[in-house]
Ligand code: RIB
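Below, in structure tokens: the form predicted alone, a single chain.
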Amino acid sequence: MTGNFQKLIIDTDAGVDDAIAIMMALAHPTTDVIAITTVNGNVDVEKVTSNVAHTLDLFETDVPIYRGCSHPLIADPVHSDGIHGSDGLGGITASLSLGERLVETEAASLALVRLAKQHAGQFTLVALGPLTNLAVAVRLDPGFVHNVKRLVLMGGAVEARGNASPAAEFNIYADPEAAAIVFGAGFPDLWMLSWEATLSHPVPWSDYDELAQLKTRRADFFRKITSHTATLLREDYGYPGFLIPDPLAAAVALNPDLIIDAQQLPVSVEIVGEHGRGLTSVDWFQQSGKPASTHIVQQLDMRQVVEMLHQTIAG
């Protein structure tokens, strides 16, 4: 695709919200998803890769999939299957059949380096999981960061309100060393959608129920993959709506105009410490002298986000 289409590469640990974010990107009328890379995170990388394939099958599209790192750079793998289900898609994959889709043989990080050179300065990279693949790409090619026009990532707890530890958000906690490399790499246009931004921008249950009741194949898929997570959030945790961390990051990538407020500040990642490992340290008063290289998204137009979700799921 050419013309006014935005090119997107998505790096994902495809759980429930990742799948919704991928759906949003595939459904967006002026976006061309040129590749999807997978990484260990919500579930192991083999399940992640299968979940991406299921999502692409729903759209009957041939976006290439590149399997990525199965382990963090140093630490042991951690997963979030308690939230996303044992398969990462709410426990529904046993009832789904996969199309005849081949995963590319090229490793994800190598593909990221190659594609970044091929589309230098012309694409947005959307990172929805632990940053292992990106960190490896940074180390493989010093020019990688400058070939990425914009990096939008879901990750971090900017007020230390962690969901994987008291201080750390899952995507950063799962591979702090990789996150430290990425945040320190010097990406020219880096946008961060944090866990706190997720908490302050839920999809109201009335909107969620309306989306789940739409009569389309996409709505049926949406309803099935979110049922387990929605029950946890609504009945067990008492949240005022359905939390959509990765779709919010996708929305920022697809339509920056829905950002109401963001601050550009230095961000670094703590890799040691009993309590602080995986903490995204935000220099709110710019005392460190480090570059203010990260745009921290703080407020979004949620009506626009819900409308994007409706357009995606209505099909």
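Keep in mind that what you see is a predicted model, and the values were worked out from it rather than measured. For every residue, the number given is its place in the sequence shown, counted from 1.
The same protein also has a form predicted together with this ligand, omitted here; what follows describes it.
- This ligand in the model of the complex comes within 4.5 Å of a heavy atom belonging to N42.
- Using a 4.5 angstroms threshold between heavy atoms, L128 counts as touching this ligand in the model of the complex.
- A residue is said to contact a partner when one of its heavy atoms sits within 4.5 Å of a partner heavy atom; P245 meets this definition for this ligand in the model of the complex.
- Though the partner is left out of this view, N133 does not reach within 4.5 Å of this ligand in the model of the complex, counting heavy atoms only.
- Checked against this ligand in the model of the complex, the residues L89, A108, M154, A157 give one hit for a heavy atom within 4.5 Å, which is M154.
- Note that among 218-226, 97-105, 167-175, 70-78, the stretch whose heavy atoms approach this ligand to within 4.5 Å in the model of the complex is 167-175.
- Contacts of stretch 16-48 with this ligand in the model of the complex, defined by any heavy atom lying within 4.5 Å, are made by D17, D18, N42, listed in sequence order.
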